[in-house]
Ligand code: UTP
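Just the one chain here, the form predicted on its own, laid out as structure tokens.
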């Protein structure tokens, strides 16, 4: 079985739901407490054993590349000022030379097209795909659990979580088959099913391990919803040739692509910080008690 060594991060989106904040700053660089959103997602991949990080970027995204580069002047200044803790933290987040690659998605043709743009960097091997808007929290990272399931079952792994049945029409939903290890066989996939028709309440949460055959499917995939090349449509075709498994993630997921999810993530991570918890609770109590 081929090891999952590479991960793709599609970061070309415009972040229109966060305008005007994202007019000049990529949405992936907005901070949850003191780390950019993209850093949380890359850290998850690193915890899962990923060795090569592939970013599919767009215009005005150069700051993401700068973030994962060495900042000699900053490192030297921190060293001279004796700020060892901050320096060690930055160095610990730094990918090793040659571990990052960047490619452009010149036209906004959807997630499926963004994945296809990484085909030459991925090559003929399985790869992880992490949507950068989604931050996961659990005792074991979501992708680490998926890699474990992949090593047990092979083929393709899609992370899923349970939602309220009445909310299933908002998501991509999978059909649940036989249980296996920490997941189950996927029997079908439906993108935003009509109310009352969903095959389950397991929704796709933005983490995937896919075989390279997906690229040939995406190459000829017709445009779907929103006049974009949809990854779900391609995975449905892939499922006719290869097995698909669902990894049942039981942690917390924050959709930082929405303002509400972004605020929730900031509150949750701040409350878990011993140096911030008391202050944050005090601020929340004060705001909740004010008139109106």
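Being a predicted model, the structure only gives us computed values, none of them experimental. Numbering follows the first chain given and starts at 1.
Keep in mind the form predicted together with the ligand is missing from the figure; the text below concerns it.
S.K.: Name the stretch: of 107 to 115, 179 to 187, 211 to 219, 94 to 102, exactly one has residues whose heavy atoms fall within 4.5 Å of the ligand in the predicted bound form.
M.R.: Contact criterion met by 107 to 115 only.
S.K.: At 4.5 Å between heavy atoms, is residue 145 in contact with the ligand in the predicted bound form?
M.R.: The answer is no: residue 145 has no heavy atom within 4.5 Å of the ligand.
S.K.: Is residue 273 a contact residue for the ligand in the predicted bound form, using a 4.5 Å heavy atom cut-off?
M.R.: Residue 273: no, not in contact with the ligand in the predicted bound form.
S.K.: Since only the chain is shown here, I'm wondering whether residue 277 would be in contact with the ligand in the predicted bound form (any heavy atom pair within 4.5 Å).
M.R.: No.
S.K.: Applying a 4.5 Å heavy atom distance criterion, does residue 14 contact the ligand in the predicted bound form?
M.R.: Within the cut-off, so yes.
S.K.: Scan 62 to 79 and write down, in order along the chain, each residue with a heavy atom lying within 4.5 Å of the ligand in the predicted bound form.
M.R.: Not one residue comes within 4.5 Å of the partner.
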